[in-house]
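Shown next as structure tokens: one chain only, the form predicted on its own.
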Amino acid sequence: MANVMIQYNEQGELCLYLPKKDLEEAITHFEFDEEQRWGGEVHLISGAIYYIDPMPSRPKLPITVRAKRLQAA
């Protein structure tokens, strides 16, 4: 599992930033992106998929969370 930051980039797109690789990629899909539940599978524009344990509510961004890579780009 890696520490990642979920934030908005300069274009206003939701992104995942992986500090260890200095990699920032736009998020195309969140499994759960609701006020009552947030997280799950996170799909990136490159095709990579990460998993963030679902949270009981949508957090304020930016936020650093632990994520597991399910599929490489």
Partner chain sequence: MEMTKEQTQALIDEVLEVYPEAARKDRAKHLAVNDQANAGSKCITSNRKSQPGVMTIRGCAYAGSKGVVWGPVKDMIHISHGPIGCGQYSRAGRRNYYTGLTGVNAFGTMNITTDFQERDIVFGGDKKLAAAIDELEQLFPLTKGLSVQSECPVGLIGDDIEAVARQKGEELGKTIVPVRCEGFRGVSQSLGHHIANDTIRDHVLQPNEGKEFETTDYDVAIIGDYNIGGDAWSSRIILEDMGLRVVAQWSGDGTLAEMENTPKVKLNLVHCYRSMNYIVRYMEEKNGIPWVEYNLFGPTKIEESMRKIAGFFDDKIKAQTEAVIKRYREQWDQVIAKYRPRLEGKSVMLYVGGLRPRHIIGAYEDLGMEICGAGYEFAHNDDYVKTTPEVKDATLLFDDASAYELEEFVKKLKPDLVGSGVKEKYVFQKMGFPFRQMHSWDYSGPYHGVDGFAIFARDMDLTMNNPCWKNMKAPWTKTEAADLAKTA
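Residue numbers count along the first chain shown, from 1. This one's a predicted model, so the numbers in the text were calculated from it and none came from an experiment.
The next section is about a form of this same protein that is not shown, the form predicted in complex with the partner chain.
K.L.:
How about Y51: is it within 4.5 Å of the partner chain in the predicted complex, going by heavy atoms?
P.N.:
Flag for Y51 set to no.
K.L.:
Please tell me whether any heavy atom belonging to P56 falls inside 4.5 Å of a heavy atom of the partner chain, as the geometry stands in the predicted complex.
P.N.:
Looking in the predicted complex, residue contacts with the partner chain do not include P56, since no heavy atom lies within 4.5 Å.
K.L.:
Looking in the predicted complex, any heavy atom of L14 within 4.5 Å of the partner chain?
P.N.:
Taking the distances in the predicted complex, the answer for L14 is no, it never comes within 4.5 Å of the partner chain.
K.L.:
Within 4.5 Å of the partner chain in the predicted complex - does that hold for a heavy atom of every one of M5, K21 and E24?
P.N.:
Per the other structure, all of M5, K21 and E24 touch the partner chain.
K.L.:
Going by heavy atoms, what in 40 to 54 lies within 4.5 angstroms of the partner chain in the predicted complex?
P.N.:
Contacting residue: only I45.
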